[in-house]
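Taking the form predicted alone, here's one chain by itself in structure tokens.
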Amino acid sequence: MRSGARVLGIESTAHTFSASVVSEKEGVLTNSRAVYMPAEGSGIHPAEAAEHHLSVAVRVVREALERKHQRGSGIDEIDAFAYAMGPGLGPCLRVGAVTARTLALSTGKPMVAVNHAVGHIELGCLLTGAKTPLVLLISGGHTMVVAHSDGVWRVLGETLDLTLGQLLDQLGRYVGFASPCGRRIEEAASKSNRYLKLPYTVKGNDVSFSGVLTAAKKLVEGGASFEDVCYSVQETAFAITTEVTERALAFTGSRELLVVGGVAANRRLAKMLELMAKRHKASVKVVPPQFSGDCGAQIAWTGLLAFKSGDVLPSIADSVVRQSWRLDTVPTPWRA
């Protein structure tokens, strides 16, 4: 017997096409995904990624609906369809929007538009049990520290140029890796403990990583060990990130620090944040690795929260995409 409302969510903002079914009472039921992998040394090509998403969309959605061993739901049991409206790559976003639109039209069910960044946060709260946390959102698309106030997530600090994920990806691509490069950078860094001096830039409570990347590339060009460079980049960038997070933690007085986004899987960063939070008697809650990257579950769960709050699109014609869409402009009525 089904328990509570069920929503199918579709994520397609960048390299990942993912579909997930969530239940109001049981949480994440299924989460299927397929990832576009560019050639070695290359970043994401939006048109190619969109073609990839088109080629896997039917299979991924079917898997999310039909995985009986993972308590999947038939399409007739879905109450609403959620999709990532933005922010993200236009061609990729449109594939997700069209897929969700097709499902909604064929079933007569409503659509819900979800902000990708808010999705990371709300799924993180579900999976870790965080209630009113200070949030560190770190990924290829975002690097910001946020806290909820007066109906929206407020930004207390953010990057002025590169995100933390972009820093790691661009360094990896510079030596021939394919995006995403975070795991390979972390692996290389784990083989060194020799620090090479890099720029350290904090402006107010905002951060800058472009100088770190430029200096790191010069070190590689000059023959420095790649492992030493990766170690130094991580130590510098993570120290910058930890500093601004600590300042926000002290300002808010929060006793919960939630870490979400693809870079949340990095163990060195988690250790630095834990040491910092301990000084403030705060707990650190990190989203599980299998859900730290982009996934349909973040869209489905946030879509369910919006659906239960009555925040659905007035019509199918409103199912547009927004390549730029700041999370601090997104109302969150379920947190009222």
Partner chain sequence: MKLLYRGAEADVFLGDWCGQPAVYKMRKPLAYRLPELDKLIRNQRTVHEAQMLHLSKLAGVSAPSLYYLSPQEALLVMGFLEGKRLRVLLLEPGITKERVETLGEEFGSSIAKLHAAGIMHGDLTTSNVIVNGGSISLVDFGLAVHSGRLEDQAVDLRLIKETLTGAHNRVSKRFMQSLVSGYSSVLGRKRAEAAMKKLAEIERRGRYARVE
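If you're wondering where the values come from, they're calculated on a predicted model, not measured in any experiment. Positions refer to the first chain, counted from 1.
Below, we refer to the form predicted in complex with its partner chain, which is not included among the displayed structures.
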(message) Just checking whether residue 155 would be counted as a contact of its partner chain in the model of the complex - the rule being heavy atoms within 4.5 angstroms.
(response) yes
(message) Since only the chain is shown here, I'm wondering whether residue 177 would be in contact with its partner chain in the model of the complex (any heavy atom pair within 4.5 Å).
(response) no
(message) Is residue 47 part of the interface with its partner chain in the model of the complex - any heavy atom within 4.5 Å?
(response) no
(message) Residue-level contact is defined here as any heavy atom of the residue lying within 4.5 Å of its partner chain in the model of the complex; does residue 324 satisfy this criterion?
(response) yes
(message) So, a 4.5 angstroms cut-off on heavy atom distances: do all three of 203, 239 and 276 pass it with respect to its partner chain in the model of the complex?
(response) yes
(message) By the heavy atom within 4.5 Å rule, which residue out of 173, 247, 184, 217 makes contact with its partner chain in the model of the complex?
(response) 247
(message) Can you work out which of 128, 266, 252, 99 has a heavy atom no more than 4.5 Å from its partner chain in the model of the complex?
(response) 252
(message) Counting any heavy atom within 4.5 Å as contact, can you tell me which stretch out of 256-264, 209-217, 119-127, 144-152 lines its partner chain in the model of the complex?
(response) 144-152
